[in-house]
Each structure stands twice: as structure tokens, then as C-alpha cells.
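Encoded as C-alpha cells, the following chain is the form predicted alone, with no partner shown.
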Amino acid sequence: MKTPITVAEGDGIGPEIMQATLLILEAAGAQLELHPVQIGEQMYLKGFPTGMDPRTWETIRNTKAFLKAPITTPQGGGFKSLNVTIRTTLGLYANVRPCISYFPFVDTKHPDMDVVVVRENEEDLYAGIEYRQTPHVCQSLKLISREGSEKIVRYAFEYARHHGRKKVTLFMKDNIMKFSDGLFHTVFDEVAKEYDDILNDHWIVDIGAAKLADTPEIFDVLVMPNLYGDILSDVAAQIAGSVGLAGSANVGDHGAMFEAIHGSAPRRAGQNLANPSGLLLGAVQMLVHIGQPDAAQTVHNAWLRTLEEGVHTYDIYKEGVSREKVGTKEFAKAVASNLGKQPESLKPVTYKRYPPTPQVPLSVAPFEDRRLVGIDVFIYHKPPLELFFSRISHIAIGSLALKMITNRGVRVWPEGQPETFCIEQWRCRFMGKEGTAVSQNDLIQVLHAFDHINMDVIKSEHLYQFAGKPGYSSAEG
């Protein structure tokens, strides 16, 4: 029985590397029923803001996987990333990127590197919730949820268990983002206790990134929020040898998408130069996912054998190591000719039919009492502070009174410092007296007071305590 998959050739070098990939898959005997769709630049330009016809969703939904070549998002015009749209719309919460050294056939300073980056795929700054608040100030909202964090952390540990990996490492920045990254770290620690057969540790992302670039051999499976994972999986792929060699899986409970991690490279399009390896290795991940591990193993080992033989595309060709520089089509034919062969120097791969990641019910966090205690009002006003302070200092509604003003997170009143550089967005914090109830109507009246004196309110944030602890950043941040 053939497995139905959706196929998109994409833009730039996409059609060339897709044709090369499909040639190899067919030669390997992969049982695939192809359902081609058009996505990307031409669809954007035809007036589809998501980069694809809405009817394409039904094709993707009715197949077992989506094999997608890179696409081009037109510059300007407010076009949203199609990759992000597909991942979030279909709930593809786990992005999996193996970053492996193929030394000495592909040049690298880290010949023993074998790292898998598992990246949260739906939340963080990639939710795309942005605002231009003033002529010179923009804002992006970073969203981290307990549910999203638990799904990706659990996936990372299950991946490690199924693939014989020994350790899962968390990268985060909770020394600064104590609530968002702090929640991700808390969930990691909770889930890790359930996997006593897998080691775990955690690093602040900046020093972790430095160690990844310098000593990647100390890492095995990395898990991290969306933005860090996007950046560092590219870094990991490049230091392993080349971004052009890395494939990517996007996996959810109800579907999966497979792709190369690189872009559409329009400057190389139509020249028979592009390396199809990233998309091909993404297709190998797809074959394992849809239950065709034998075909995946055959393709992957043939690809390794081709690397060993020194048949290389221009991007990894190196005098003294490579034997022949070939184009996209020729490389695909070389891999196809090696189907059934094992690599002799590189370690052969073995795939088996892995059980699906169990859909363990998400844990239920204990109830925490939630209490409204104040409001932060953000206003647009040119500096300095003295130009508007006298107009708002008197505002008091019930027990609510002005307690603090900050600029870019730095307190400027009370006890501000003259050296602090200020911009045109200010945060004015109103808090109720300790032990005094604050109502939604009180907050509305505060906003009404700003309107009464013609102050330009950009936004507001309600302040809550959870189990008696502040659910908002302190006076300094």
C-alpha cells in the first residue's frame, strides 16, 4: 500500500532539489502516493496572503505527511511566513533537526559532533503578535505556556528514549525572563523526573550557545523555546559541516511536515548547482515517520556512501578530499546508483519502526489563587519625565495610586537617576493598598482619568498576584 503525501516544489532551487529527492525515493522503492500542491511566492503574488490557496489545507489534511521544498516570501507587503502558518495551524509543535558531522568527507572542526535540536514550534516570539506603538517604538509579545512547554519537553525525552540517546539538555534565559523562560525551565524539571533513564541538565542560552559552538560533543539532545531553537539549530548544522546538509521534521499529534532547513536561494535557481541533501535527509525523517524505515535506511546509507566516494556538489567540494564536483541531477543519480550499499568509513544508519510518541495527558497544575492588585498603563509622550509627571501624579482611584514610572524597564520615578536615557514610551504603575481589593471598574476609571487629561494611552496590563506572589516584573524590570 502506498502512503499518500503532499509535495510542494517551492521556489528558487526548490523544484530542482525536490525532483532530485523524489528520483532517489522512487529508486529506493519508497511506497509513496504523491499529491502535488503549489505554495510560495507565486501564490503570495496571486493575492493569497498565507502563500497558498485555502483549498490546499484539505490536501495536506488528507495525506500522512507534507514534503516541502524551500519557498520565497516576498519582501514588504506584510506577508507572514508560510512555514510558521503551517506549523501553528496544523499544531506541528515539535521541530527536530539532527546536526551530524560527516568528517573527513565534509569539512568541520568537530568530527565527533552528533546533536539533535528539538525546538518548540508554535509559541514564543514566533506567535507573531507585534505592534507599532509609537512612531519610534515597536513591541513583540513573547508567549510561553505550560501546555506548550510540557508538550515539547516531553517530546524531547521520548525522542531520546526511542533513539537510544543518553541526555536531554535545556537552553533558556530564565535569569532575565523569569516568568516566560522560567516557566519553560520549571516544566523541564518536572518532566525530567519522569525519565530516570535519561540524563538531563540545563544551561543559560548564551553560555550554552558558546559551548555548542566550541564543544558540541558534550551535547546529545537539546530542547529549547522557539527563537533560540531556530537560531541555534542553524548554528549547529553549520558547525557540523553545512546548513545545506540538514533536514528538518515538524511533528504534531495530527500531522507532520518535512523540509530542508535552508532557504530557497533564488540566486542559485535553475543552474543545476544546488545540493539536495537537506531535503533528502528531511525525506528520510519522513519515511521513518510514515512507517517505511527500510526505505529510509537504504536512502540514508546510499547518501553516506556517495559522500565517502567524494561525489560532492559545489558547496561542500574541497580539493584533496572531493573526487568529483557534480550538479544537482548528477548527485541524485550518484546516490541512486549507491542504493543497497553501505558506507565503509562513516557509521551506517539503522532505522526501525518506532512507536508513535505517546499522547500522555498534560499534567494539571495545582490551583493558584489569582488576585487583581493593580495596572500598568503605557503612554506615548516625548521625554523628559517632567513634561507630564505633574499631570498624572494626582491620579488615584479608590485604593489605586501611582507607585512607579519606568522607561524601557528602568525605574525613573521615584528615585530615578539623571543618566537614564529615555524614549517616548513610559510605563506608569498603579497599585492598590496592601490587603485592599481592586476591581476591574477601578482599572477602567484609571484609564478614563488618563483620557480626561488627554494623555495618549498605548496599552495597559492588569497586574495579578498568584498564591500571594507577584505575577509581574519588579520595579527594575
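None of the values given here were measured: they were computed from a predicted structure. Sequential numbering from 1, following the sequence displayed.
If you look for the form predicted together with nicotinamide-adenine-dinucleotide (NAD), you will not find it shown, but the lines that follow are about it.
Given that nicotinamide-adenine-dinucleotide (NAD) is left out here, which of G263, G252, P293, G182 has a heavy atom within 4.5 Å of it in the model of the complex?
The option sitting close enough to the partner is G263.
Which residue, N95, S233, N275, T169, has a heavy atom that falls within 4.5 Å of nicotinamide-adenine-dinucleotide (NAD) in the model of the complex?
Selected residue: N275.
Give a yes/no on whether G51 approaches nicotinamide-adenine-dinucleotide (NAD) to within 4.5 Å in the model of the complex, heavy atoms considered.
Contact with nicotinamide-adenine-dinucleotide (NAD), no.
So, A240 and nicotinamide-adenine-dinucleotide (NAD): in the model of the complex, are they within 4.5 Å at any heavy atom pair?
Contact check for A240: no, nothing within 4.5 Å of nicotinamide-adenine-dinucleotide (NAD) in the model of the complex.
Non-hydrogen atom contact N83 with nicotinamide-adenine-dinucleotide (NAD) in the model of the complex at 4.5 angstroms
The answer is yes: N83 has a heavy atom within 4.5 Å of nicotinamide-adenine-dinucleotide (NAD).
Exercise: Y131 in contact with nicotinamide-adenine-dinucleotide (NAD) in the model of the complex, heavy atom 4.5 Å:
Result no; Y131 lies far from nicotinamide-adenine-dinucleotide (NAD) in the model of the complex.
Hey, of 136-144, 397-405, 311-319, 193-201, which bit sits against nicotinamide-adenine-dinucleotide (NAD) in the model of the complex at 4.5 Å between non-hydrogen atoms?
Every other range fails; the passing one is 311-319.
Taking nicotinamide-adenine-dinucleotide (NAD) in the model of the complex, would S149, V223 and G229 all count as contacting it (heavy atom within 4.5 Å)?
Heavy-atom distance to nicotinamide-adenine-dinucleotide (NAD) in the model of the complex: none of the three under 4.5 Å.
Just give me the residues of 50-71, first to last, that have a heavy atom within 4.5 Å of nicotinamide-adenine-dinucleotide (NAD) in the model of the complex.
Read in sequence order, the residues that approach nicotinamide-adenine-dinucleotide (NAD) (within 4.5 Å, in the model of the complex) are K68, P70, I71.
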